[in-house]
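Just the one chain here, laid out as structure tokens, in the form predicted on its own.
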């Protein structure tokens, strides 16, 4: 699916070759500042490589319209932005950019999926950090994208809530035959849930199963 050839980004990343397969859960692990988040930004076209080529299904990302690309490749950042207003406003905002619509009943189902037991009319000002993270997750789920990029999606949660959220993400991805590329600081989560891992060390990468690292 994604194929990187001689990709560099400033002094942050240097990747001679890398292939990320479709339909799998790929974990990105490594020390802080080693290039994991930068790779997600490159794959989502939030930044462009200093050198090299990134291909998606055989086509260079440079040749793909950025707006159209982000309709099929959706990124959830570590500290996702919420828009002023209600929970419903935030769920619909993502749909608006993707030119999709959704009924209230379906929106509520997604809130239930991420265990956010709040009415659609609830102001985001009343949400805790963990609740805001779950709302952001529901917002990307409802988009029904082909590829999800997630940067520490459970970082704002305690251990119990973290496991629930990761299992929710994994179950969604597998049940709907999506592709997930996920940064995680937790090697036990990577080992349990990821089909393959990419380990980052000073901007260089190594592919494989975590058992083989």
Partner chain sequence: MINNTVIELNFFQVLLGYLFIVIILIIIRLRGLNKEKVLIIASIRMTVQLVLVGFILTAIFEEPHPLISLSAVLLMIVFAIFTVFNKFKGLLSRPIKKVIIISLPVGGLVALSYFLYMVIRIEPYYNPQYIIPITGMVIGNSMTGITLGINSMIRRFKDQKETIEQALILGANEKQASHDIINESFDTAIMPTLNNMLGMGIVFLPGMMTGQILAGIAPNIAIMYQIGVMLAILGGVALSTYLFLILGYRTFFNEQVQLISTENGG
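Residue numbers count along the first chain shown, from 1. Worth saying up front: this structure is predicted, and the values here are computed from it rather than measured.
One more form of this protein, predicted together with the partner chain, exists but is not displayed; see below.
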* Would the partner chain in the predicted complex be within 4.5 angstroms of a non-hydrogen atom of every residue among 172, 203 and 206? -> no
* Answer option from 47, 53, 163, 146, heavy atom within 4.5 Å of the partner chain in the predicted complex -> 47
* With the partner left out of view, is residue 41 within 4.5 angstroms of the partner chain in the predicted complex by any non-hydrogen atom? -> yes
* To do: Could you confirm whether residue 100 comes within 4.5 Å of the partner chain in the predicted complex, counting heavy atoms only?
  => no
* Using a 4.5 Å heavy atom cut-off, state whether residue 96 contacts the partner chain in the predicted complex. => yes
* Asked: Heavy atoms within 4.5 Å of the partner chain in the predicted complex: does residue 77 have any?
  -> yes
* Asked: Of the listed stretches (68-76, 127-135, 100-108, 114-122), which one has a non-hydrogen atom within 4.5 Å of the partner chain in the predicted complex?
  -> 68-76
* Structure fact -> Near the partner chain in the predicted complex, with a heavy atom at 4.5 Å or closer, the residues from 1-37 are 9, 10
